[in-house]
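Let's start with one chain on its own, the form predicted alone, as structure tokens.
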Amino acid sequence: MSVFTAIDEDRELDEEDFTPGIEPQATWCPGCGDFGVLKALKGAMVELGRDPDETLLVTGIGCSGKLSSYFESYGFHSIHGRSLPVARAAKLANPGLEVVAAGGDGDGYGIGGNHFVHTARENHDMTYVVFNNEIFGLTKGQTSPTSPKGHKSKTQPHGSAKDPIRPLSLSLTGGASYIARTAAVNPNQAQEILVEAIEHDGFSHVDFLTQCPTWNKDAKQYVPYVDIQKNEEYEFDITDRREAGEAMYEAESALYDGTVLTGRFYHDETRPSYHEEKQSVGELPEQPLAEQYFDPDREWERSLELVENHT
């Protein structure tokens, strides 16, 4: 429990607690899958009993970046592809916060791809939700890293010549300790996966398939989907790295043929988080930065000493 909690612990939460008091009019298009992410995230927080004042939502740029405006919690709307560095710093300063980062496929897998791989490698304790609609939506439908080969857009009028990125496999290779894929058209599974991801101690990556009815009408709308945990044909051990990798490869290969495989792909509960590893070797203090007392007089004295010593 965060030391900053100001809300009565006995209060029963509902989704309205995560809706801003002055709710801005959503500018997502009718039918946009981003509404599904927002609803699933609110539902997950209520199910987990998290208070808005214990939660930080960091977003990048794009349609997904608007999520922090429609979700009542601490929020930080960062620059393009940079939600993860901000989220990492906040979590290290205040481990009591529940930190969720969000971005689109262009934001998270393209511009912020380097941050994605290294946050997974270091296993920072946070949840990363990537809205994957296979295009840059806010800037009117340019080709993104998850656009299928041959996809035509204003930036690729003759069709993309590149194979799409494999975000699940990339996450596993990087070192994420929880990896799942869900879809906005499957709200019950989406909420269940977000609950698991947020509860997990380590880096949780959720590839969230979100339809874009305005700029990517030719894309598969992610139905019908298959829940791999409820289909014997896809039975495998999600704690086994090799089996999980094979399942991810199959899911990522089949997606562009119209077979949408969703569910939990990998879960490693044994790997310590970045914060735990750093504390074990003495590189992080026991008392987090956010809980250290700030003495303005003392800081002033130190500043004077610094000036005197360098003049």
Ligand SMILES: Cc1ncc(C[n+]2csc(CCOP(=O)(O)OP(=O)(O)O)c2C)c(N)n1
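All values reported here derive from a predicted model rather than from experimental measurement. Numbering starts at 1 and follows the sequence shown.
The same protein has a further form, the form predicted in complex with the ligand, not shown here; the description that follows concerns it.
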ask   = Mind checking whether each of Ser169, Ser177 and Tyr266 has a heavy atom within 4.5 Å of the ligand in the predicted complex?
value = no
note = Assert contact residue (the ligand, in the predicted complex, non-hydrogen atom within 4.5 Å, options Ala184, Ile198, Ala120, Ile111) equals Ile111
note = the ligand in the predicted complex has a heavy atom of only one listed residue within 4.5 Å, and of Ala89, Leu138, Ile165, Ile238 that residue is Leu138
key: Stretch in contact, per heavy atom within 4.5 angstroms of the ligand in the predicted complex, of 154 to 162, 228 to 236, 188 to 196, 97 to 105   = 97 to 105
ask   = His80 near the ligand in the predicted complex, any heavy atom under 4.5 Å?
value = yes
task = Although the ligand is absent from this view, report whether Asn133 comes within 4.5 Å of it in the predicted complex, heavy atoms only.
result = yes
message = in the predicted complex, is there a heavy atom of the ligand that lies within 4.5 Å of any heavy atom of Thr59, even though the partner is absent here?
response = no
query = Taking the shortest heavy atom distance, is Cys63 within 4.5 Å of the ligand in the predicted complex?
reply = yes
